[in-house]
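A single chain, nothing else alongside it, follows as structure tokens in the form predicted alone.
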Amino acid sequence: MPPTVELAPETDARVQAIEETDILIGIPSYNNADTIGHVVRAVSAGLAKYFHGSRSVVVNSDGGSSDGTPDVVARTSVDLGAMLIRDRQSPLHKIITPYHGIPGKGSAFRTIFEIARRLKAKACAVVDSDLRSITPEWIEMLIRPVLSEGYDYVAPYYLRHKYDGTITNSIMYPLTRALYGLRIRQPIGGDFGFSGRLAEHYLDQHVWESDVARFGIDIWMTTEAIASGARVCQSFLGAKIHNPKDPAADLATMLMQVLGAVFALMEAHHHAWLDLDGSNPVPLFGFPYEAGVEPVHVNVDRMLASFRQGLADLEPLWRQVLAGDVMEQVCSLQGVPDQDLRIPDELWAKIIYDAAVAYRARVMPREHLLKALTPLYLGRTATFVMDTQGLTSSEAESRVESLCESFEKQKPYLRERWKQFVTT
């Protein structure tokens, strides 16, 4: 069994004083003083409006913020009268605690799961601390399927700009869907609902000192829920608007972290996906509607230049990763004019599948392999942008679905290569 998570003494005392709860909402944070107040108000209002008879706890699991984030959480309240909430409320408890362990969101979640276990929480949710579009209704949509419908895991379903979340659109959604047979649209969405028993299952897994816990906690939660046989659904949350990510952030590092996590999970759970074909829809709760989303600006010329530079510099590495016919198709793009350059769906699926096999087989240091995929990813992203420039975000969704179907159709290719080159 993994070791029990140690809580700070004052946190432990607070948990013992509360004893039990019906609902627990976790908010991991690190220097989010400018946004976390809104998140806490929305959570508090959602609990009061939709679960006024339930015992509820909000847990802020903080990574050592230097901007006063925990103080904002402590002093934030909501005027229920202004929201026309008249029902008598059960007291809402707050627990503000540091988390311990390796830096990252995973350690924050681990502390939240441990508090949920000790309080015997029936239903839980985690929401990001930089959300600007969260509403009280999010809390109902993340918690109600667990409490009332018996689901163990509630994935978010957001409205997003067609060029927002390109790693999800081009890799994580198609790959997760093809592997595990469930059409979970946002497998790394960041805001989830889950049952108390699933929280205990998460705690019992041996990942908490690994890179998966540090960099890939969102996809791990989704994959672990599926692989464990949990009942899974989705809830429509509307638009997701949060603080913009640092435009200077290293894309290669981000891609390495996400792909490293999903490839490691493929290895750990290959018995769950290897012989599975096709996919099934996942129940979606809520009332889908159109909403405005923030525009996302992309530079296609820069993406294509990066892809061409990769062809010039990384061909020896790519030949170690990609099958011969796949590599030849990639090389054939060298002389194609920019306006006509495309990485087709079928080719892209095979590139990702080849990379997964090469990762498992350790054909080179894994960090080198993952970083070498960045120009290919940018080439594929440029393909999507050029193919959808005249489409609305909802119309572009059909292109994402077509890509998913290609991943499913090419799964026998993955299966053959996995069994051929990897000892299972």
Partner chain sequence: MEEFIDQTVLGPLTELGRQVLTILPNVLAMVLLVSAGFLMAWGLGHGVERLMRVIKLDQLCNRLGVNAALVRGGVKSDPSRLAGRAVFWAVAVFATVAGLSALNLQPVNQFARSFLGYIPHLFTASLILVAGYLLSNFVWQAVLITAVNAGLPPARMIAALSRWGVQLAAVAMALEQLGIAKTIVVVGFGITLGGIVLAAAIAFGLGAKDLAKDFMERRLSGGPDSRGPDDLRHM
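Numbering follows the first chain given and starts at 1. As the structure is a computational prediction, the values presented were derived from the model and not from experiment.
Here the subject shifts to the form predicted together with the partner chain, a form of this protein not shown in this document.
Participant: Quick check on this chain: which one of Gln329, Thr135, Ser77, Gln309 has a heavy atom within 4.5 Å of the partner chain in the model of the complex?
Facilitator: If I apply the 4.5 Å criterion carefully, the residue I get is Gln309.
Participant: Scan Ala42, Ala372, Ala396, Val58 and let me know which has any heavy atom within 4.5 Å of the partner chain in the model of the complex.
Facilitator: So the residue touching the partner chain in the model of the complex, by this definition, is Ala372.
Participant: Which of these stretches, 167-175, 260-268, 136-144, 280-288, has heavy atoms within 4.5 Å of the partner chain in the model of the complex?
Facilitator: Of the options given, it is 167-175.
Participant: When the contact criterion is heavy atoms within 4.5 Å, does Leu333 count as touching the partner chain in the model of the complex?
Facilitator: Leu333: no, not in contact with the partner chain in the model of the complex.
Participant: Does Ala230 reach the partner chain in the model of the complex if we count a contact as any heavy atom within 4.5 Å?
Facilitator: Ala230: no, not in contact with the partner chain in the model of the complex.
Participant: Even though the partner chain is not shown here, does Arg160 get within 4.5 Å of it in the model of the complex, heavy atoms only?
Facilitator: Yes.
Participant: Does the 4.5 Å heavy atom contact test between Leu378 and the partner chain in the model of the complex come out positive?
Facilitator: Yes, Leu378 lies within 4.5 Å of the partner chain in the model of the complex.
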